[in-house]
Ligand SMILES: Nc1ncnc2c1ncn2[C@@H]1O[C@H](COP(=O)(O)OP(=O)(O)OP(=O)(O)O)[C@@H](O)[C@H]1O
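Next up is one chain by itself, shown in structure tokens, the form predicted on its own.
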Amino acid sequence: MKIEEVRSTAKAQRISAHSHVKGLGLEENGSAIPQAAGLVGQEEAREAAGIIVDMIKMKKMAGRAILFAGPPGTGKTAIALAMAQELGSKVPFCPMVGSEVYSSEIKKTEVLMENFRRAIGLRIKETKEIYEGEVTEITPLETESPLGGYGKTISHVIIGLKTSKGTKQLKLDPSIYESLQKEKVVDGDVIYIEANSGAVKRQGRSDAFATEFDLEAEDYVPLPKGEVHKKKEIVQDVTLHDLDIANARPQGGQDILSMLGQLMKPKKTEITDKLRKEINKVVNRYIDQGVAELVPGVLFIDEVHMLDLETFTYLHRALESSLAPIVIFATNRGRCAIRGTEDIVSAHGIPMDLLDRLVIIKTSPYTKEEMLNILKIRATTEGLQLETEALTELSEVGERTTLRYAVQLLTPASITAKINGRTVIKKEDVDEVCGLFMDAKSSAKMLSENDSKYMK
């Protein structure tokens, strides 16, 4: 008797710094639950972020900017990512770091504008006549080549499509066969073919084949409902940056030069202001006709103090544009000099006139109890088991040093426990790794005590 093990098709992903963040963790009335959706504490900051999420959903927030200000390791990036989770996958979220603008290939302002355009979505709705279903057969029929010789040419292709209501056989043009080959369509795939343009779109594999293999690389979709031939409203989500790129680099023909151009790694190209204005005109016309809808997303700029005076002045104009996303800045700096100037000191390293436009959300350092809860969540996310004493010891390490350092000690402590033949991390494992590694404060103390032994 053959017994087969059916494994889960969920893909195992790397655990990153914010894998545990699932949302803002707010109640219906907008008040923050002390510990929910992977976030702990920071109730005021989360409630403020919740109000901003509501404003974004109501489309009343475009062109405004928010600043998350707080010491390092107080959850600024975590709250920004939680906002992205609350908004859903259809709202564009574009994260960047202040130092990204210093590229050797393109101008600083171009990098900023590119990210601005990435954060603005356009939802295009079209009603199309389509043939949709699961492919039951693909049969290309050949005839003698009109050019003579031994070659044969495809005259037409027979394709069978099946839906929950019935099946249909279609006789298609040979050019559509090329599209089918490009999309790598095989029997069992769910596709749709546009009746007027002949464009073929593969939606995924039919979920009837879902348990075919232990390891899956496919997206499974249900068998389409209704008839094979139908009218369907197709919604496409694109960003303005996608439109810029599509128009800046038109696809070449089949000659050698254009094919070489596609093979070689394309250099970053600057998109002209003139082209963007033309695209904006078309986009605005679509919006006026009701064909498209603007979805202002979120541009998250971390370490905003790394921007200089030029980019700050450019941000003013970009924020006032009619097509502007919601901009969220984050910084852990106090009063410091503005980059690009020598003696102008300002709060958070941001000029006063830009600070004037921002709504500032404050994040505060975590208490010992909050650190303990965060460490508990991280241990669960990383699949580690800790004794209560070990958790308490780690939270004390976090209070003495930083939360980030305490979180980093989790995995080394689990390895130490494994070496000692245990699956559960004990207090002595935490003590052992604390003796092996140094945090920033103890490193600085050691340097000041042994100052003469180090080179200047």
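The first residue of the sequence shown is number 1, and the count goes up from there. Predicted, not measured: the structure shown is a model, and the values here were computed from it.
Form predicted in complex with the ligand: not shown, discussed below.
Looking at 419-427, 386-394, 37-45, 51-59, the stretch with residues near the ligand in the model of the complex, meaning non-hydrogen atoms within 4.5 angstroms, turns out to be 37-45.
Although the partner is absent from this view, G73 contacts the ligand in the model of the complex, with a non-hydrogen atom inside 4.5 angstroms.
Using a 4.5 angstroms threshold between heavy atoms, E303 counts as touching the ligand in the model of the complex. Within this chain, K441 is remote from the site of the ligand in the model of the complex, having no heavy atom within 4.5 Å. Shown alone here, Y366 lies within 4.5 Å of the ligand in the model of the complex, counting heavy atoms only. Out of the listed residues S346, T109, S206, N332, N332 is the one that sits within 4.5 Å of the ligand in the model of the complex by at least one heavy atom. Among L67, L26, A413, L403, the residue placing a heavy atom within 4.5 Å of the ligand in the model of the complex is L403. Proximity of C94, M113 and A324 to the ligand in the model of the complex is absent: no residue of the three has a non-hydrogen atom within 4.5 angstroms.
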